[in-house]
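One chain comes next, on its own, written as structure tokens: the form predicted on its own.
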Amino acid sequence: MPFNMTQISPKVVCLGSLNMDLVIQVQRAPSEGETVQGESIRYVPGGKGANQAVSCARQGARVSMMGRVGTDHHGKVLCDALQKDGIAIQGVQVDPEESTGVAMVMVEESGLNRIVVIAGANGKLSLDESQLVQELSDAQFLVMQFEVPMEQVLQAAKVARRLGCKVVLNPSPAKILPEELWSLVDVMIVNETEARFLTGLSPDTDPQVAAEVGRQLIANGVAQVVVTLGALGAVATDRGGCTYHPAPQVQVVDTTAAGDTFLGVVTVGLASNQSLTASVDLGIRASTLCIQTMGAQPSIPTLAQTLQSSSVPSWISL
């Protein structure tokens, strides 16, 4: 089925982290006590919240970012980068004391990465409910992860539900969800690590196990679940059933932001009244492009680039 945007671009609010990524390229990561020679270091705008906002914006959505940065140079660069993608930043707070969040991303020659995050100002985010209502009142979706305080995530989810705005949650880094949050989540997107933490199941190499993860999370109150499986693709589950979406095999350069790219594409697809299966297929095409380019936000493709890319293998009912 062709992927068509609605005539009026949907609005998405992204609540989450803004980090400056220090991307270090190495042939391989050092073992314990070992020193290795790095090949390069770059400063790249990142943070899961900001990456997801950029992905939504590059798919044609109207996007507002809510988060927190410091008064330092990193904070200014991150906000400028969002604005270049047409993202509204009136919801980005400036902390007078904490520095902007930083992530050290070590990328191996294979494309796999290891990431250490220092929350900085992200950890001090405190939402003003009147501004939250203003941002969400005309939004189709609220996108969140766990790189900001859990109480702010829960508060925003409650306001979104009250206003009829759907919630997309990426529970990363993996944490135990407050009981009342489960029923406030419309779409949950998890990778293998998060799936294992939340259910005890390991879907890494088996789409059937990923389908069972989806069923368990739906039993907790979530309406739709997508389990991403890296090079294997993804499994989408709703109350109508499960579908497995294989991914094409490509040369991996850097997997940073692949999950955030996927989430943004799926969110905008659903906000544009596309089916879950069509949205997931397009998400795989976009994340496949993402992993062939170095860096976080620079690697996130536009909708036009995604549509011009090769199609993915046909999905399979499970």
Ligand code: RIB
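Every value quoted in this text rests on a predicted model; they were computed, and no experiment measured them. Position 1 is the first residue in the sequence shown; the rest follow in order.
Missing here is the form predicted together with this ligand; even so, the following discussion is about that form.
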Quiz item: Looking at 209, 222, 242, 103, which has any heavy atom no more than 4.5 Å from this ligand in the model of the complex?
Solution: 103
Quiz item: With this ligand left out of view, which of 117, 247, 177, 79 would have a heavy atom within 4.5 Å of it in the model of the complex?
Solution: 117
Self-check item: Which of 48-56, 272-280, 33-41, 66-74 sits within 4.5 Å of this ligand in the model of the complex, heavy atom basis
Solution: 48-56
Quiz prompt | Partner contact for residue 147 in the model of the complex: this ligand, 4.5 angstroms, heavy atom | solution = yes
Quiz item: Quick one: does residue 257 come within 4.5 Å of this ligand in the model of the complex, counting heavy atoms only?
Solution: yes
Quiz item: Hey, in the model of the complex, is residue 13 touching this ligand, heavy atoms inside 4.5 Å?
Solution: no
